[in-house]
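Same protein, same chain, two forms; see structure 1 and structure 2 below, as structure tokens.
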Structure 1
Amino acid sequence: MQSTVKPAIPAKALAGRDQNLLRLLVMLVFVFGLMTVLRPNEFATLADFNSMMRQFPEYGIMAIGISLTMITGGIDLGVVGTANLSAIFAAKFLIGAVPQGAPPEQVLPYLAAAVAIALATGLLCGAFAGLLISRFRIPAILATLGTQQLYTGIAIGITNGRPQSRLPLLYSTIGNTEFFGFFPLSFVIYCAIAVGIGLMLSRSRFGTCMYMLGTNAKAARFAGLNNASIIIRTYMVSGILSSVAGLIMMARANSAKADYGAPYTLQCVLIAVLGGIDPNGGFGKITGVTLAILILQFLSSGLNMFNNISNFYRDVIWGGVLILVLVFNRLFSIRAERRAVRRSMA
């Protein structure tokens, strides 16, 4: 029987998280200040800010999806495959359905249908991953590695590995719209998603159940929660977010391809961990994830301004940062646990 009492977020999930946000703010100011000093005429300009606002939403939205699954104690490594497959289905529909030379008012319904196809694809991909994890008890990391390969393979198979271009110009025009001549539509979409997901986690019963599941799955089940339903719904949300990211990538490149955004998986995991999402589940806020996105975007944009730093070193840098963050987070966790033990014994 389902419990009628709304469970509270465990105190452990809230303890010490403000300190993590403070550390992220300090890190953000440090990286921003360092890059501004090193490249005063290139970094921190309006053109650079506009460029950064165009770059981070596509992987930032996927990072939010991964963060949600990590809060429940899992992980979604199939976000890039879901994003590309969703974009390819939408692109193939547009290429095949929109008449050549059709006026904008005639193209708009096709664009709406393509967006719906992409979102439905993301929803189904997420539901499939959630089903594998919740019903067949496959570990999340293995299930989503499998779905990543599956979705990428399907995308390559239906496109023969070629990019799907010749999209209606109106799609790219709308997708690259700037509000007030400065804020890209993709940035506005990211902000809306970040606020919406943040409110869902902090204000809704579903968000509370996600934290409870990630903190202790057995206790959540005994509290009357349907763990399988929560997992499936969480991965469905992640799938929808991935499809949104895929639509944004398609608008930026005016095409869709099976291997777009291949390096994003590692970056998204790094963002989630750096942003304070506990890999073991039960902890994390979207505010921290957003700060982590800005830190890595500032760092990435700054590194692009140094011609002597090869792009081949990017994965080395991201991997090293991820390991350092995991080590530091573990050290902080051990320190907090020791303090709690000393206080309980006092």
Structure 2
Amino acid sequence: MQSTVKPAIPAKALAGRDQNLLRLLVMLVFVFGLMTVLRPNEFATLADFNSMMRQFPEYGIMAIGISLTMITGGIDLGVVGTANLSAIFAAKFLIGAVPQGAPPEQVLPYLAAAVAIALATGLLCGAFAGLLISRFRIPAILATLGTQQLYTGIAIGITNGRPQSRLPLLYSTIGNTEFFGFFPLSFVIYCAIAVGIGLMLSRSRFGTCMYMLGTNAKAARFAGLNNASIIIRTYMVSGILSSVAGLIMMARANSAKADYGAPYTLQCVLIAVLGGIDPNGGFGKITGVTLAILILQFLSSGLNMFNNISNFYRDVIWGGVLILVLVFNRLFSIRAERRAVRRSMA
């Protein structure tokens, strides 16, 4: 029974999959346009773009990490703890090891070592969470709730909750480099990560395995996937991304502290969901996540320009937008389902 391909159906199905991206794009353009119209002299100026590019990478990178874990059907609530712990280890090392008043070329190897320490910390933090989830079968939401407490606790414990400042000047100098006098290093790092992870998800074997595992862990096992290894590697990637975010936060604040970025956790989950990552696993794209980050950033930067409007309206709009998108998606999918039922009966 070799059937001929009806072009109408696949086209519709593809549009259905990318509907979310399209909606996000429309929303982005809308927010951008609104802000430009309301604040033509401030919003979307070069200086404003520059400041936006400094702000979003730290939470954006963590949002990508959380998105990856959500695609495999889990969640990583430990990203902020991992970021701060990594930064604190790196800061402690720099403060302790770099001699006072050393010339830049002597400091450079220490910086490289500090970055390596941070990345290794992130990797280990992620691996531990992955181990708890895959080997000990603790639900991801609880395991990472625990690791978040644990990592933040260690970070508070070894610093007595105080900020670790007095970092070598070179660190923040490098960290705040701007390429072509315009693109901050953190923005360039974000772009590299988004492209790299996006490619990994859509084109690599590991990415496909993550989607499949997130859809049905049992079937993945029967198809010969090594579930434990995929989960551990996913949380390791999330951990490394968190430590990169930690290093960026450290460069921005010129210090490391156990409670930096505390509200980022739920905000990142929100970004992931709004960006189209299925909270039940198996679906979602980095493009969507990036669009969601940009929408949030435009909103927040734009609102900053109204002196009489608190930046907390961002939370209101953000929460409101999420609920509206959900309601809209729901009503849309009810209709799509009805249509699909009709088609399948045909």
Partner chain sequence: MISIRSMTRRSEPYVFAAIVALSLLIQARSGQFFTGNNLVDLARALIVPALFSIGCMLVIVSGGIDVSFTAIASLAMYVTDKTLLASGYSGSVLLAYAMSGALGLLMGALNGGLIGFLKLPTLVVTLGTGSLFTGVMYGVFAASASDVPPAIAAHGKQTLFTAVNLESGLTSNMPSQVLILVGALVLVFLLIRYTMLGRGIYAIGGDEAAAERAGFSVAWIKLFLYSFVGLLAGITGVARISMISYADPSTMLGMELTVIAAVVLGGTRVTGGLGTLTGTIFGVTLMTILANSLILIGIPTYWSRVFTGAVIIVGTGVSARQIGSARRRVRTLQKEA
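Here the rigid core means the biggest group of C-alpha atoms that line up within 1.5 Å when the two forms are laid on top of each other. Quantities reported herein were computed from a predicted structural model and do not represent experimental measurements. Each residue is numbered by where it sits in the sequence of structure 1, with counting from 1.
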| Here are two forms of the same chain; which is the form predicted together with the partner chain? | 2
| query | Has the Cα of Trp318 moved 2 Å or more between structures 1 and 2, judged after a core fit? | reply | yes
| remark: Expressed in angstrom, the C-alpha movement of Val327 between structures 1 and 2 on a rigid core superposition is 4.1
